[in-house]
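This text opens with one protein chain seen in two forms, each one given by itself as structure tokens under the names structure 1 and structure 2.
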Structure 1
Amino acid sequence: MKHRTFFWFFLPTGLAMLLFIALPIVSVAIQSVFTPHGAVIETVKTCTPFGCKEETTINQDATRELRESQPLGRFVGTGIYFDRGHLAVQEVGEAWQTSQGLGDFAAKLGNLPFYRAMAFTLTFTFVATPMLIVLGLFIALAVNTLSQRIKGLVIFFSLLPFTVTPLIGSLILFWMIDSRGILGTAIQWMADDPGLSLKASTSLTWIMLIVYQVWHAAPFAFVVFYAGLQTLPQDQLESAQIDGATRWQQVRYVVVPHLMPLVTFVALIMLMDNFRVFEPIVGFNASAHATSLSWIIFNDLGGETRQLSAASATSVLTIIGVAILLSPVLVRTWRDFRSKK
């Protein structure tokens, strides 16, 4: 393709990426280095025949003029990134100096909102992603061996979890695991503990959220892997069968290598999606036990205060985290691409 042809072909996509991706990111980054102006405080001294007294009041006119003249707010640089609500550099240093060991240090970091959210976000991402990939591959292999008469029906029911809106799906499961729900009652009966509640334990809440994400997102991996199985070279499978390979050996040495590009694709999508976990936390009302970076952004933007600068700083840190998370997979993909040229 000629350079001129490629330019006009890519121009609409490039403009859309610039308007809807690049510019918003730049805007958020700029907002993160400014903080809203505080109110202009004035101290007025009033004297009467009975004495003088000082009164502190807010100058509404001066405050409004200041905010209109500098709408972005007061420039603070990277100060917001290092405050207690984010990286908390000072608090982390104090915790390290006063800690009795790594366990004590980790416990003190858990009291800081950013690191508490990061702990859950990383645990959620690195546990749910491989589990849903393995489950999706298992479902695809199982469905691919079914008879054509029932294959369509099984595919339909396998896709149902993915068609449910994440917030609605989490609400449904939230009601089911309630002490009065079918799953909650069954768990209490099996544990022989009428007072057992999944919602009252931090570890059980984390497990519940991860299980929900695997249930909800596994159909996406299943669809991708099932489509890849339709392009599997049958001569390779027949050769493996002639050589006496077992079913497991065929999957390990023939099927999985063939699907590795799709595994990389699913991993990239799911890593980004899981790192931005938000809806399940809201649906399960689990913010007392589990918070994520996206939930912190939502919390900063809510209420009457609307801490735009704090939310912007967390957004930038989230973008950086996603970039770091995806970099190993992208580097490996690039190396594989270069080696095939």
Structure 2
Amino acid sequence: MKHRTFFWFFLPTGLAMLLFIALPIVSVAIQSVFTPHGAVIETVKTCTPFGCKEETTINQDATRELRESQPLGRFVGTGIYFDRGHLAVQEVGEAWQTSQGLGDFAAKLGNLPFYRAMAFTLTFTFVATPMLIVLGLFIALAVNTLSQRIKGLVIFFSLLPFTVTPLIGSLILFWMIDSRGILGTAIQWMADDPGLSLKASTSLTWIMLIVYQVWHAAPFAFVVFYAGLQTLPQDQLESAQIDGATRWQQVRYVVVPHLMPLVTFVALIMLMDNFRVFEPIVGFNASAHATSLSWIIFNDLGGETRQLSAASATSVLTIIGVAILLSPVLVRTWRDFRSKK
């Protein structure tokens, strides 16, 4: 295809991505190094026969003029990144010096919003991802042994948790684990503690969110692995069986290696998706115990005061986090591309 034809074919989609993805990233980065203007304060000295008094007032005109002439605000460089709401360099340094032992230091970090969010996001990402892969694999193996007619039905029901709106899915589970809901009652009965509430405890809230994510995303892993099982080399399985491999050994040494590329694929996609965890925190009303970077951005942007600078700085930090998680994918794609040449 000629360059010219390509250009016209690609123009609409390219323009959409340029204007609404690439430019916003740039503008987020710019906003994150500016902070809104404070009010212009004047000190007026008024002298009366009884002595001189200094009064500070806000000069409304000058403030408005300043805000209109420089709508971005005041340049602060990387100031916002290092303040208490983000990387909190100073507070971390103090905590490091004053704390006794690592446990104490970790506890102090937990009081800083950024590190609190990171602690949850990373735990969530690295616990939920392997769990949903294992569950998905077992469902795929089990469904693969069923007869053709039941398979369709099982896949239909399995797809429901995955296609449901994340916010609605988490709400549905949230209502069930409410202390007056069916699961909440069941858990109270099993723990023999009528006062038990999942919402009141940090660790239980984390477990609840991880369980939700496994429920929501295991179907994706299942469907991908199930597709992979359809191309399983039957002769290899048969020869393994002739060699005396047990069923478990066949799974371990034939099936799993065959599915390995798919496991990597699902793991990479899910690491990125879990890192941006957001809707469940809103749905489970869990922000008192668990926050994520996405939730912090949402919280800063919402409400009466839209804190654009703070949100932008968190956005940039999130983008950096995603970039780190994405780098293996990029390296892999680049290698594929090179080897094709």
Partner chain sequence: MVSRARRAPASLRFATSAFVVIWIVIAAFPFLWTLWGSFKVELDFFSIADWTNALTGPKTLDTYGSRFTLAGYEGAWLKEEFWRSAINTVIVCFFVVITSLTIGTLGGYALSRSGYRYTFWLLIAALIFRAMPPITLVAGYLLPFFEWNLWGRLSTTVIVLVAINQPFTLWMLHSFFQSIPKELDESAKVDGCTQFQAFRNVIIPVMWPGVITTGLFSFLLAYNDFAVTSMLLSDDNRTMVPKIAAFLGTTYTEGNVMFAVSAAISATVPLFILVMFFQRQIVSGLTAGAVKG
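Rigid core here is just the name for the largest C-alpha set that superposes within 1.5 Å across the two forms. Computed from a predicted structure; not experimentally measured. Please note that residue numbering is based on structure 1, beginning with 1 at the start of its sequence.
*Asks:* Looking at both, which one would you say is the form predicted alone?
*Replies:* It is the first structure (the form predicted alone) rather than the second.
*Asks:* When you overlay the rigid core, is the Cα of G73 off by 2 Å or more between structures 1 and 2?
*Replies:* The answer is yes, as the C-alpha of G73 shifts between structures 1 and 2 by 2 Å or more after core alignment.
*Asks:* Note yes or no: does the Cα of N285 move by 2 Å or more between structures 1 and 2 after the core is superposed?
*Replies:* No, because once the rigid core is superposed, the C-alpha of N285 moves less than 2 Å between structures 1 and 2.
*Asks:* Cα of M272 displaced 2 Å or more between structures 1 and 2, core superposed?
*Replies:* No: M272 shifts by under 2 Å between structures 1 and 2.
*Asks:* May I ask for the C-alpha shift of V40 between structures 1 and 2, in Å, based on superposition of the rigid core?
*Replies:* For V40, the C-alpha ends up 2.6 Å from its position in the other form.
*Asks:* How much does the C-alpha of F9 shift between structures 1 and 2, in angstrom, given a rigid core superposition?
*Replies:* Here the C-alpha difference is 9.3 Å.
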